[in-house]
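As structure tokens, one chain now follows by itself in the form predicted on its own.
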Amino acid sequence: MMSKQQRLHPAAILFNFFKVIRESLFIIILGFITFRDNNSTYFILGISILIILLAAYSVASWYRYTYRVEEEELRVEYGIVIRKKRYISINRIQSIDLTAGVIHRIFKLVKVQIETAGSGTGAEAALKAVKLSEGERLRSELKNRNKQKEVEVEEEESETPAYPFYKISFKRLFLAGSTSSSIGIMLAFLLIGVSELEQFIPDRFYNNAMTWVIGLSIIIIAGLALLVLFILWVLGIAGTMIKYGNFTITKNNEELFITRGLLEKKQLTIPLNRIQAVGIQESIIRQPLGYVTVFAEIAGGSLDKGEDFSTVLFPIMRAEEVEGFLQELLPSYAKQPDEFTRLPKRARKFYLFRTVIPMVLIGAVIAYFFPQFSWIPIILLIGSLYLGLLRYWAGGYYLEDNHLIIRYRGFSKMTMVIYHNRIQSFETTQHKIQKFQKLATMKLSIIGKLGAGRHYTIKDLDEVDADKLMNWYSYQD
């Protein structure tokens, strides 16, 4: 197998240029601050020369970057002064992802990311900008998809998909955005931003603004708070739609293919043998509505900026649809038990204690410094008591043959399906109080993205159940 030596699309020069500018931004800002008063002419001259040099460097980097497929390898060569060569055996390639950001889509380009089992924190190779047709051709060539093409032609002629295929509807996507937890994250960033903004606002203006806010009635303050929450909620919907717009997932032989994104279109390839666990997330908002998110933990691979550690297999679906969904895509993970082995009643007080204590401390601070808002600690206490009960009710496990299903809760209820051969370590611990109460904590680990471990813990299991799980892991019946 041999292909002609190729260069990236010329638009890659822009990506190289923006990258080096971003990396040099600190030096540019430092120079501006240093020379802005007395030597601005030299600063402008220096910046102009720097930009010209960076532009020349970007062009040279593009020209010297080549790739080709030869002798069952993807051969990438780059470097201006020192020529570097990276040969990637096709047999080692785990996945080939195509990503199209806004600028890529303008030029009808894609970024090709090639990952192997040892990719570490980044992709093994990344072709920043190639034509869409070239990206698809390269992916097809590397994965030897000639037979697949024939099958796809037959599919088009019959207009009947031969592979399991799921696509999110607009209604489901809107619901996913409406019930996402992004509003909480954005609210946290907003509060941090407001707290940091104080140092940049003149004291007089800040004090007047605070005096004005404090002087408002409770109703107006509540109205402003609701307005802020509404704006954050709308932004959360927009963010979800941008991220998961046009979401599709299909299974072809031993791989899953996921396409998603409105502004940045991503095409992910997930080999089934890299899946370490499958999870079902029921957020505290979606659970009463009967909707869940299905995701998978994938071993190895890279983690792009803004990516989650887990890979979403479907953003939102009804709980009763999960088994059928997994039955088609990942049948070995499909079984949903009717009954879990739950936590003993004596564990309940510990769950309540751990959940209530932080809220009591926060409530005490609020009651001391803001006595006019003393109703807040009462609400926090009631809410934390209920959350503690939810965590207690959620905890449990289901064991069958070679796989374990565990269930636990933070704010969201999580159900993880894990096979024995995917578990890297398993341990049980007991502190003195747990030992007195005949309870124990179970912790297991699997390999996640970046090669880092993913850990799952269930606290206050019955001591007998913890021993049973340990024996199962050790094959000591």
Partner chain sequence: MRKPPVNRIARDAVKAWQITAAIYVGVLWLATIGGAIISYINDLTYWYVAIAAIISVLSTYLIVFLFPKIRWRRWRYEVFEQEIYIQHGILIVSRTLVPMIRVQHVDTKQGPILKKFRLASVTISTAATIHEIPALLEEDASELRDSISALARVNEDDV
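Just so we're clear, the structure is a prediction, and the values are computed from it rather than from any experiment. Numbering follows the first chain given and starts at 1.
The discussion below concerns the form predicted in complex with the partner chain, not included here.
Chemist: Tell me, out of S58, T428, T415, S412, which residue has a non-hydrogen atom within 4.5 angstroms of the partner chain in the model of the complex.
Modeler: None of the others qualify; the residue that does is T428.
Chemist: So in the model of the complex, are E463, N471 and S474 all sitting within 4.5 Å of the partner chain, heavy atoms only?
Modeler: Result yes, every residue of the spot touches the partner chain.
Chemist: Looking in the model of the complex, any heavy atom of Q437 within 4.5 Å of the partner chain?
Modeler: Taking the distances in the model of the complex, the answer for Q437 is no, it never comes within 4.5 Å of the partner chain.
Chemist: Would S445 count as a contact of the partner chain in the model of the complex, using a 4.5 angstroms cut-off between non-hydrogen atoms?
Modeler: Judged by the heavy-atom cut-off of 4.5 Å, S445 is in contact with the partner chain in the model of the complex.
Chemist: For T41, is any heavy atom within 4.5 Å of the partner chain in the model of the complex, or not?
Modeler: It does not: once the partner chain is placed as it appears in the model of the complex, T41 has no heavy atom within 4.5 Å of it.
Chemist: Going by a heavy atom distance of 4.5 Å, is G453 a contact of the partner chain in the model of the complex?
Modeler: Taking the distances in the model of the complex, the answer for G453 is yes, it comes within 4.5 Å of the partner chain.
Chemist: Given the stretches 62-70, 24-32, 418-426, 42-50, which is the single one in contact with the partner chain in the model of the complex, using a heavy atom cutoff of 4.5 Å?
Modeler: Going through the listed ranges, the match is 418-426.
Chemist: Though the partner is not shown here, which residues of 337-373 have a heavy atom within 4.5 Å of the partner chain in the model of the complex?
Modeler: Nothing in this stretch is in contact.
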